[in-house]
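Below, in structure tokens: the form predicted alone, a single chain.
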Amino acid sequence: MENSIIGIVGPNGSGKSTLLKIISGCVDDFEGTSFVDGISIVENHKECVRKVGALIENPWLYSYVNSYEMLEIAYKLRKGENGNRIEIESNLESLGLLSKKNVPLRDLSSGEKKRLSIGLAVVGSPDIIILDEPTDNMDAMGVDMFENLINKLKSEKERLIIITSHDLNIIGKICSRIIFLVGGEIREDLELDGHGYYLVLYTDGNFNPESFENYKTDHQGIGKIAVWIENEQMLNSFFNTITEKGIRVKNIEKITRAELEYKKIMGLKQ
């Protein structure tokens, strides 16, 4: 299994959560097939789901137990044995909840409960991790912790991580592949080749698009162009080009490739 992080994006009602429920074995009344390591998840449900950690919609949390005990329960269900204290506390620390490990879940904030729900999906080190809107209801600190956790999971072992989110910025930063789902159908399947971002340049229309012929660009109308930036050297060159060509800039917007492609696919105003 190759290490891969797949983002699934699309408007409300496009079938993202339903797809994740099928993949994770939460529903079995569907047309088609779903396999985990070549094994049918419908025919061998128990064997398959132990390899899958999933956060879909709002998971049920026992309000009377604490954070440590909740992860311990999830660990035992996944591994069939008592929880590994070192791993559980490591997960709590990654999620910023180690200091709350003895606090009953009813006393946690909604954002803290969301972070703990992510911990339920990753505890026990499953081969496949499925996260449905993991950063919903999170503050900036929580989103940063989530990004660090994903990077940690990538470095540990080969695994598949599938994420749905309306936050195209985080999807564009952490995913190696993005599937655009519209009306239950795949509209586009995009491989992300390396790290980078677009700078969308708003001008008074006085520049020649050929000024950026040495860059990967996306023309977006009169006086507006998106320029792909991969590193600091390219960024410096980009601003030098603006100065040398005498381009009068009204505004610059930084967006991920995921954001740009989604707007194009959905026909949204750039």
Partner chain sequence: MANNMFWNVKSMAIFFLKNYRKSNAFKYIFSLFLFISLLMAILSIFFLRSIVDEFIPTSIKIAHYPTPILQDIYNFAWASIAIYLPVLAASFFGSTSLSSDIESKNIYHFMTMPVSKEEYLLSKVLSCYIASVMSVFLFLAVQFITYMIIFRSFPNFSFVNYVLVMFLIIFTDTIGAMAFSSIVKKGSYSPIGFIVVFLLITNIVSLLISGMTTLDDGYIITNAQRVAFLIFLNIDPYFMVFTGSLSGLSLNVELLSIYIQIGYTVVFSFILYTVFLRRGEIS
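All of these numbers come straight from a predicted model, not from anything done at the bench. Under this definition, the rigid core comprises the largest set of C-alpha atoms superposing within 1.5 Å between the forms. Residue numbers count along the first chain shown, from 1.
Quick note: we don't show the form predicted in complex with the partner chain, though the next part is all about it.
- Proximity of Val27, Val65 and Leu77 to the partner chain in the predicted bound form is complete: all three residues have a non-hydrogen atom within 4.5 angstroms.
- The partner chain in the predicted bound form is not approached by Leu98, whose heavy atoms all lie more than 4.5 angstroms from it.
- Residue contact with the partner chain in the predicted bound form: Arg257 places no heavy atom within 4.5 Å of it.
- Taking non-hydrogen atoms only, Lys21 approaches the partner chain to within 4.5 angstroms in the predicted bound form.
- Although the partner is absent here, Glu72 is a contact residue: one of its heavy atoms lies within 4.5 angstroms of the partner chain in the predicted bound form.
- The single contact residue among Arg177, Arg106, Lys154, Lys173, judged by any heavy atom lying within 4.5 Å of the partner chain in the predicted bound form, is Arg106.
- Note on contacts: among Glu185, Glu191, Glu158, Glu81, the single residue with a heavy atom within 4.5 Å of the partner chain in the predicted bound form is Glu81.
- With the partner left out here, the partner chain still marks one of 89-97, 142-150, 115-123, 158-166 in the predicted bound form; by a 4.5 Å heavy atom cut-off that stretch is 115-123.
- Superposed on the core, the two forms differ at Ser63: its CA moves 2 Å or more between the shown form and the other one.
- In contrast to the form presented, in the predicted bound form the C-alpha positions of Met138 and Trp60 draw closer by 3 Å or more.
- Whereas the displayed form keeps them at a certain spacing, the CA atoms of Asp139 and Trp60 lie at least 3 angstroms closer in the predicted bound form.
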